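Taking the form predicted alone, here's one chain by itself in structure tokens.
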């Protein structure tokens, strides 16, 4: 069975809303062994929505729409589905009764426009929406299926996992698509592809690289049971790890930050962090991991020179001679936070996030990472220059890679 996703909403085209629902749905389809070959996004316009649905029906067995099921005049998904299938919209008295009771239960004022939510294409079935008032719908016409889901994520997610998931499991008749993701740091996508070109040419499993911020994710995919997929994933993963070595930092839910914490915990060592341009991003990433407190003792955001000097002990002559954006300052920040918080390791970031150069002429994206460990202190220099927020994210990533690299090499 092949599927197509149609996301409905002008706000998606304008970029004011990010379409995370489509990604959630794509993952769900794969779990049910359904191949999603196309995705469309269309605004709140009946004609264009009908055209998108007709195109999807011409090339896919299953069409799933997201959004446009509310009670207002710009919620046109029901009308579009009915028009694309050549079916009339029919009032559903049972839905109206349920909806009126739900409004009364919640103490909400009933507005007659809510009756729009009780209209379905002829022959369609309602899909229950326990977290909202707009029901979804399931419509089979000939050998085609069209189903519609509401757009708010708090309503959409439970419906994908619940009523829609149950129907997909019954209809697909296919084995699920299993995936495994390996996370790679410290090497670029093109180099990864060069080292793994023969594996990427294979088809069982398939192997594809995806560039992320400061990482490359390698996705292995195969259709079948989890045990069967693992049997083909394991030897390929072993080859990847042999060729890429320490650059493979984790698998699936494992992350760079969780790996750093695990390595430190296995050594019985602790970490303190001093951040300037990253403004707490390194600590925030570490704190996402349950149990981070076993390793992370704390952090200091030293955004201005007086804090670097007075709290972390960076020497005034270092700031004057080398400036705050320097390897020398990064080293003293790392040593200062290590000593101040009594940790085995001190990690620091300092640099120019942008936009543009700083007052001393350092270019946007110039970053120094400092690392003070039990045996030595050193810094490394990076130049990103990719825009303020990306520069900050890349600096946090570089800091975590820096300590990870030391830990795996010790």
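Please read all numbers here as calculations on a predicted model, not as lab measurements. Positions refer to the first chain, counted from 1. Here the rigid core means the biggest group of C-alpha atoms that line up within 1.5 Å when the two forms are laid on top of each other.
What comes next is about the form predicted in complex with a further copy of the same chain, which is not displayed.
**Q** Using a 4.5 angstroms cut-off on non-hydrogen atoms, would residue 95 count as touching a further copy of the same chain in the predicted bound form?
**A** It does not: once a further copy of the same chain is placed as it appears in the predicted bound form, residue 95 has no heavy atom within 4.5 Å of it.
**Q** Flag residue 72 as yes or no: does it have a non-hydrogen atom within 4.5 angstroms of any non-hydrogen atom of a further copy of the same chain in the predicted bound form?
**A** No.
**Q** Considering only heavy atoms, tell me if residue 27 and a further copy of the same chain come within 4.5 Å of each other in the predicted bound form.
**A** Because a heavy atom of residue 27 falls inside 4.5 Å of a further copy of the same chain in the predicted bound form, the answer is yes.
**Q** Tell me, yes or no, whether residue 43 is in contact with a further copy of the same chain in the predicted bound form, where a contact means a heavy atom of each within 4.5 Å.
**A** Residue 43: contacts a further copy of the same chain in the predicted bound form.
**Q** Could you tell me which stretch in 74-82, 225-233, 294-302, 327-335 has residues with non-hydrogen atoms within 4.5 Å of a further copy of the same chain in the predicted bound form?
**A** After filtering at 4.5 Å, what remains is 294-302.
**Q** Answer with one of 195, 265, 307, 199: the residue that has a non-hydrogen atom within 4.5 Å of a further copy of the same chain in the predicted bound form.
**A** Of 195, 265, 307, 199, the residue with a heavy atom within 4.5 Å of a further copy of the same chain in the predicted bound form is 307.
**Q** Let me know the one among 340, 217, 241, 171 whose heavy atoms come within 4.5 Å of a further copy of the same chain in the predicted bound form, would you?
**A** Filtering the options by heavy-atom distance leaves 340.
**Q** With the partner left out here, if you bring back a further copy of the same chain in the predicted bound form, are 12, 278 and 288 all within 4.5 Å of it by some heavy atom?
**A** Heavy-atom distance to a further copy of the same chain in the predicted bound form: all three under 4.5 Å.
**Q** Under the 4.5 Å heavy atom criterion, name the residues of 19-55 that approach a further copy of the same chain in the predicted bound form, in sequence order.
**A** Residues within 4.5 Å: 19, 20, 23, 26, 27, 30, 36, 37, 38, 39, 40, 41, 42, 43, 48, 55.
**Q** Take the rigid core as the frame of reference and indicate whether the C-alpha of residue 188 shifts by 2 Å or more between the shown form and the other one.
**A** No; residue 188 is a residue whose C-alpha shifts by less than 2 Å between the shown form and the other one when the cores are overlaid.
**Q** Please check if residue 358 moves between the shown form and the other one, taking a CA shift of 2 Å or more relative to the superposed core as movement.
**A** No, residue 358 moves less than 2 Å.
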